[in-house]
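What follows is a single chain, given as structure tokens, in the form predicted on its own.
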Amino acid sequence: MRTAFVVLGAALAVAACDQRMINQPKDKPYGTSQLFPDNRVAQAPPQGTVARDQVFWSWQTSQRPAMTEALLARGRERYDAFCSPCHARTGDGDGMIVQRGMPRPPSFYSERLREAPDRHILQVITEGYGAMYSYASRVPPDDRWAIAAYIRALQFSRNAHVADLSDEVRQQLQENTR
């Protein structure tokens, strides 16, 4: 008797679902619709609309920290942990993952990346780019700034000229080469 109720209940539940999910009434995104005055399905967002997390992202990354030794040390630590498997510790783009068959990322020393603004580096770390996935959930905003600063230090070290150095550093360099 009990199984008969269960079977009857299951049969009623299946019979009650008449509409097939695949045949739902819907409009194509670029189709026409009589619902709106301009007869378009895809409507422009209302004036003043802000994309989700856009304000928070802008606020988090708007304040660039001062370039300090502590920031560069933190950037190097975070870079070694998160970036060096693909980009290598030198930034050439031939890390251990690449040596094992993954696509090679661009070198940080290419002209395109040396001339890119810091916001580009932050955006790539946050949102990913190409084969690189987003590190937004893994690297906090302060550490993203530190990594960007360290990448800039790597780029500078490869393309530095003696004339770019301060007098004090130039003097130390001359004393060490004697």
Partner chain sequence: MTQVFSPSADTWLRLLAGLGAVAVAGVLLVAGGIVRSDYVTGVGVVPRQPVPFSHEHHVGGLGIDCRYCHTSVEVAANAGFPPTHTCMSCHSQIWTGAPMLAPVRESLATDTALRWERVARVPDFVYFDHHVHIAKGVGCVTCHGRVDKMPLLARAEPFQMQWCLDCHRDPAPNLRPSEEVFDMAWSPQGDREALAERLMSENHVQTAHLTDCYTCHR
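On a predicted model such as this, the values are computed, not experimentally measured, just so you know. Positions refer to the first chain, counted from 1.
As for the form predicted together with its partner chain, it is not shown, yet the points below apply to it.
Asker: Out of 64-72, 111-119, 145-153, 129-137, where are the residues with a heavy atom within 4.5 Å of its partner chain in the model of the complex?
Answerer: Stretch 129-137 is the one.
Asker: Check whether I97 has any heavy atom within 4.5 Å of a heavy atom of its partner chain in the model of the complex, and answer yes or no.
Answerer: Yes, contact at 4.5 Å.
Asker: With a cut-off of 4.5 Å between heavy atoms, is I22 one of the residues that contacts its partner chain in the model of the complex?
Answerer: So I22 counts as contacting its partner chain.
Asker: With the partner left out here, check for me: in the model of the complex, does some heavy atom of G93 sit within 4.5 Å of its partner chain?
Answerer: G93: no, not in contact with its partner chain in the model of the complex.
Asker: Indicate whether its partner chain has at least one heavy atom within 4.5 Å of a heavy atom of P45 in the model of the complex.
Answerer: Output for P45 is no: heavy atoms all beyond 4.5 Å of its partner chain.
Asker: If you apply a 4.5 angstroms heavy atom cut-off, which residues in 84-103 are near its partner chain in the model of the complex?
Answerer: Those in contact are P85, M96, I97, R100, G101, M102, P103.
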